[in-house]
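Below, in structure tokens: the form predicted alone, a single chain.
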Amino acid sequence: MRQIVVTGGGTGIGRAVAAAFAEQGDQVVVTGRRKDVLAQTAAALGPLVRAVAFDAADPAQVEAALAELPDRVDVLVNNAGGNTDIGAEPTEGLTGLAAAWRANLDANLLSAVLVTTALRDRLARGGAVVSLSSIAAHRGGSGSYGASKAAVEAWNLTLAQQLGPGRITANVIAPGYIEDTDFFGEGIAPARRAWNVSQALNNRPGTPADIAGTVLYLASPAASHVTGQTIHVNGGSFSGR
């Protein structure tokens, strides 16, 4: 039975990923900052799923959580993150600007780096690390959020080189517009939603299940020779050529 760790696993994409692994009989640990949300998710997804609450961007909390994480990790999914600019107060001056940029870098890049590094010696031979980026890393217009996701993709190349000798793959998924998540906080304006959907060649929004299916593939033996890659899942809104 494989051991899976999904950061940011309480809602949205992370929850869908955890559910998909549990449905095929894997044991899953979901992590995140909200203990109550994680507990509810673990209870809803069944006995193969358990929750460990910690902030993946906080080194001390990551280290403290290690005792509760599996001794062997077959698949690590770095899903924790989000656009910290959404809902934030406007910044003033260079100090405020620096804090806003660091918030997105911490949430999206540092969280993945810290958890992966902490679990590196536990990653099983033949295992997989899958990290989440975003279409925003390629289309511009999203400031520090897009930059932080682009950094995840750059870091992943080094990670793939480091893990390759252990036959461990490291890949990134860059979703486009995905509905049924907490990404936009209180929601998205109808006109913005319509524009996002119109960009997809199949004229529909993405779903957490779309991303979960791609994670399952990258974590499967069928993808054992796929590493160092960014997989675009966006209905054709952006071409990865």
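A residue's number is simply how far along the shown sequence it sits, counting from 1. These figures come from a predicted structure and were not determined experimentally.
Below: the form predicted together with a small molecule, not depicted.
| said: Looking at 50-58, 197-205, 22-30, 66-74, which stretch has residues with any non-hydrogen atom within 4.5 Å of the small molecule in the model of the complex? | reply: Of the options, only 50-58 has residues within 4.5 Å of the partner.
| field | Heavy atom of L132 within 4.5 Å of the small molecule in the model of the complex | value | L132 belongs to the contact set for the small molecule.
| query | Using heavy atoms and a 4.5 Å limit, would one call T181 a contact residue for the small molecule in the model of the complex? | reply | Judged by the heavy-atom cut-off of 4.5 Å, T181 is in contact with the small molecule in the model of the complex.
| request: Answer with yes or no whether G127 is in contact with the small molecule in the model of the complex, where contact means some heavy atom within 4.5 Å. | output: No, G127 stays farther than 4.5 Å from the small molecule in the model of the complex.
| Going by a heavy atom distance of 4.5 Å, is R193 a contact of the small molecule in the model of the complex? | R193 lies outside the contact set for the small molecule.
| task | Flag this candidate site as yes only if T11, N108 and K149 all have a heavy atom within 4.5 Å of the small molecule in the model of the complex; otherwise mark no. | result | Verified in the model of the complex; spot residues all in contact, yes.
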